[in-house]
Ligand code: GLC
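Take a look at this single chain, the form predicted alone, given in structure tokens.
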Amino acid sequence: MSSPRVENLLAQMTTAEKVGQLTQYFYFQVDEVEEHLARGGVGSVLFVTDPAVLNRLQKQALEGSRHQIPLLVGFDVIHGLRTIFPVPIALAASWDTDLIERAQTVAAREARAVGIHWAFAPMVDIARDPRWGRMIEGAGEDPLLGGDVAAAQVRGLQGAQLGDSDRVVAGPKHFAGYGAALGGRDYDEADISDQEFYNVYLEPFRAAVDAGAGNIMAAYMDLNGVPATGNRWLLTDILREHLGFEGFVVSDANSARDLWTHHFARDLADAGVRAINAGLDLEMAIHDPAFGHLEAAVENGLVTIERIDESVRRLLTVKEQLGLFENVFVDEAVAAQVLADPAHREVAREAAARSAVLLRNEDGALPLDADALSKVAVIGHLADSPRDTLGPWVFDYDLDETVTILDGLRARFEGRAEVTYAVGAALPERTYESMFEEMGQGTSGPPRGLTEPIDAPAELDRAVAHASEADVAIVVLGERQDMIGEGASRASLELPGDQLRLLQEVVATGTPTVLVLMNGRPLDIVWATENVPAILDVWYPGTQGGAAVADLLLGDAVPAGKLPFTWPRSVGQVPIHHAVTRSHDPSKQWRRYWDEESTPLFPFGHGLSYATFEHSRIAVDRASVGRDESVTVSVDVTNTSSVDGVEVAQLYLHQRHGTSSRPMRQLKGYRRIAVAAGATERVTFEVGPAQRRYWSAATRDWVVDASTFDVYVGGSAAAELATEFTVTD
């Protein structure tokens, strides 16, 4: 139900004015956008972060509109605006929804301060193929974890309700199934079975909508042969009727125009008609929008004015909820203060520490004993590259305040030990131009101080010499930030360039070696897992990343992150995930390849700590319950070490028989708990109808079966501690 103000505006607006409200322009073609503003033909703009420019654009919008309608300003606030947090896949690895909510609260505060009202986040696409570059923007492979992370981000960005002070509209994307692109190739079509669509890919969107998300972004690709942006079943039947979404739907950049590109629409005018009739409300366009033809479409009876009004009503309502009709301008001095708030950097440092995943730690190689070290060799292009430390999908950053891993270690060892640095092996350039180069945003560039191509053999020798003379070698490897993200899928998961050779040469010196990974997807590190005692995945850790990594390596912080995806041994295993069904020959379940093990390198949920944990005394409160009843599963988590730590206890469920075959392991609950050294905490999980419910292709509906259920609890999807219960009719 809209307000009297919105209804009065609708009654006064011409069709042309209404259509203008349904167009969002990139602020790239400045003259073109400002020409549209002068005649009230723009409802929204994006890709502006300067508060002075935004104030000027708002003034132009008000002066150009007969009705004094302000602009809605959107931006890619994916993992921070000025304060950059770890990339989204890293935040998901924290399994800490309170932390994620706090991080997005900071991001929202900074965005709103400069005049941004709406974030194109969170990305909630499930990703099970690490070749797909955009998996870095999501929460990994699991619908439960993905849904919890999505809801936390919505709460952080929007607050308790749309219009809360210092908050912005959250825009979950990309609806729906984009993460299933064929071959992991960005923008390619997705073919998803109904059971996968409802049980896996839809669930994070359901959680985001239930959390109150004010916007949903449509996806680029064909879903089962129908482009998502023109798919009425998807945008109306599923999103609005099934999920109950009441906000507005925006296209991805040019994806309404792309209905023509897809050979789905006859021409650009037909693309606009198909998109709005499918359920799209706002077109994001770089130029020549398909919605620019809607006035003629109304005149020709192809689109009803009631359908136009429906979309305009949604846009005007969100502007009213945000208070833009009363207070659209921002205080530039206040904006500068908010962006510089040191408290924001502290949250970023905490987030980077909590997101890191300790993959391997043989014989207690970590943490390092700072008092026993006199010389530390830091090696790798990424160790001193501020831009790569931040990761992709950030634009308003300040490189001067970015703490690289080398910066963090030098600060930590100042006056105590010598820290030397060698690039060792420069990372290669991408084979093809990145989308960020096309947009004029530049690439990673060389590490600080490296202004010309290196002499590769000499630099490798230099790195080896540094390692030979040091007490410990910290080797930082991975992908440059422009090697992952949108338009950055990869056919290989190997470490780019000569990084593996660099690692092998350093290890061959005999100096104790620690591998630190900077990445947003699993990489081929099989050799490292067999030859390097300590491997710490720090992702792209953000503004305070280097400080957090130093904290972790030296034990000032204890790793507690867990993998949000299954880590394959090689690209030949993908797509791979933990929630697979039992085969006709279970004895060969993990021997599917004759040339390699079928087991992953690391299971979903894996992550070590400097503390050690034991899970024991698993129990269910009732052996048998009815379909509508719940059981409580309890388990002891004991810290068997002398170090305080945090464990993420994970509960997995398997239904033995029923309407459909069910996965051998499905994550159905988790608890992130602090356990003091030597202490035991009793952890409980409720397993009710909501955890057992699923969509079955046999009935074409949701079911809750009577069956026997296996319960597993532990520190990863490989948990062995088990019990069972029965659900009866």
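One-based numbering along the sequence shown. For clarity, every value in this text was computed on a predicted model and none was experimentally measured.
Quick note: we don't show the form predicted together with this ligand, though the next part is all about it.
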Heavy atom within 4.5 Å of this ligand in the predicted bound form: which of H174, R480, R257, R354 fits that? Just give me the one. H174
Check each of Y198, F613, F120, W567 and return the one that places a heavy atom within 4.5 angstroms of this ligand in the predicted bound form. F120
Answer range among 514-522, 213-221, 287-295, 98-106 for contact with this ligand, defined in the predicted bound form as heavy atoms within 4.5 Å: 213-221
Exercise: W393 in contact with this ligand in the predicted bound form, heavy atom 4.5 Å: yes
May I ask you to state whether D407 is within 4.5 Å of this ligand in the predicted bound form, using heavy atom distances? no
Contact test in the predicted bound form: W695 vs this ligand, heavy atoms, 4.5 Å: no
Can you work out whether E486 and this ligand are in contact in the predicted bound form, taking contact to mean some heavy atom pair no more than 4.5 Å apart? yes
Checked 228-258 against this ligand in the predicted bound form; residues with a heavy atom within 4.5 Å, sequence order, are D252, A253
